[in-house]
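Form predicted alone, single chain, as structure tokens, below.
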Amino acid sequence: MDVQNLSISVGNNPIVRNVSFSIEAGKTLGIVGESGCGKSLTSLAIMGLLEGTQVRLTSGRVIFEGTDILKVSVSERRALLGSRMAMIFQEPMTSLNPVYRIGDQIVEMILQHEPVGRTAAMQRAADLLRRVRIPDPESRLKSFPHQLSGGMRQRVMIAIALASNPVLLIADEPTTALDVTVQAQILDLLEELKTESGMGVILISHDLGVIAQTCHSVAVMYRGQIVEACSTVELFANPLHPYTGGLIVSIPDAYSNVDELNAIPGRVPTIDERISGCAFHPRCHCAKDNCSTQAPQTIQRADHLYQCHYPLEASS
């Protein structure tokens, strides 16, 4: 997939601006940033889930397997979603229908995209639960969502996403609200499934620890823009944007004896706040006078992109 200059607005307020990135088969791209930076909205736009809302795409292309999926008909996109592209949402309890059994919800997905009968679809649903390491899958097919733990529900969401063997999986905060042990299990499962199938994965997270563990490359978003993008190794070894540096130093260190954790001051601006120049300058310790009047251009050094007048290496 190749996303080119994607922009999204609510009314006259731009909320995602000229976002571009690409993802290859068998690779994982991490999109990271605080809540309100536009990560989930970008993924919803890619999946075509903003239609019928006040949110609209104002420009951009999403090239998937050679086709701009923003220009295909609704029926063509519907056939594509779930079969070639799939998404895992943030909170499985609100994504799963509480009044339908797990098996029925997986079977619905299979019947939507594959020419099989209900009996064969139910058998495939059991195989999918087994694939995502849910014990006694035949019995779990009869369970309702509230009868499963958070980790089990997330595994069910992964099973639904994998029902038609997609080549691209978008995982939007797949470990939110899970304890550390279950979080590690879900991440290991996604990595294992990616290796087995060769699919590409877009992992959206606010947790840089998760990103470091799972992703080949990273795009850092702030207020609807990608402010830095490079390989994961390069990002942690040589962050250039002050926002990225702030996120990294905010990661708690379990082995340090500190009284107060590091944090980026201030908050992400709301969509109706007007900020001239660099959007991050009110919170940036590197900011100078021109940061409040001139928006930085995108600068590329080898495979490292960033938007900043005074990158960290120059300000240190």
Partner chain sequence: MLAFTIKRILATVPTLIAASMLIFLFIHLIPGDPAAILLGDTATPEEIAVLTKQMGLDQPVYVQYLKWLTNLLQGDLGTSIFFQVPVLSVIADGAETSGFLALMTMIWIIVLGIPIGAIAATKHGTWIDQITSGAAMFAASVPTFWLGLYLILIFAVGLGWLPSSGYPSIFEEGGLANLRYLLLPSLTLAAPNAALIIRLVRASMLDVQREDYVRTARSKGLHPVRVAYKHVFRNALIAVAAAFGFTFAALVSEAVVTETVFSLPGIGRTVVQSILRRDYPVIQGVILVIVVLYMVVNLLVDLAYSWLDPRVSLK
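Residue numbers count along the first chain shown, from 1. Quick caveat, the model's predicted, so the values are computed rather than measured.
Unshown form predicted together with its partner chain; subsequent notes refer to it.
- Remark: none of the three candidate residues (H241, D253 and E260) comes within 4.5 Å of its partner chain in the predicted complex, counting heavy atoms only.
- A heavy atom within 4.5 Å of its partner chain in the predicted complex is found for one listed residue only; from I248, L49, I275, I63, this is L49.
- Of the candidates T195, S231, N97, S149, N97 is the one whose heavy atoms come within 4.5 Å of its partner chain in the predicted complex; the others do not.
- Screening 129-137, 112-120, 204-212, 221-229 for residues having heavy atoms within 4.5 Å of its partner chain in the predicted complex returns a single hit, 112-120.
- Taking the partner from the other structure, its partner chain in the predicted complex has no heavy atom within 4.5 Å of any heavy atom of F236.
- Mapping the unseen interface onto this chain, R78 counts among the residues with a heavy atom inside 4.5 Å of its partner chain in the predicted complex.
- Although the partner is absent here, A287 sits far enough away that none of its heavy atoms falls within 4.5 Å of its partner chain in the predicted complex.
- Taking the partner from elsewhere, M199 is found to have every heavy atom lying beyond 4.5 Å of its partner chain in the predicted complex.
- If you take 139-162 and check each residue for a heavy atom within 4.5 Å of its partner chain in the predicted complex, you get F144, H146, M157, I160, in sequence order.
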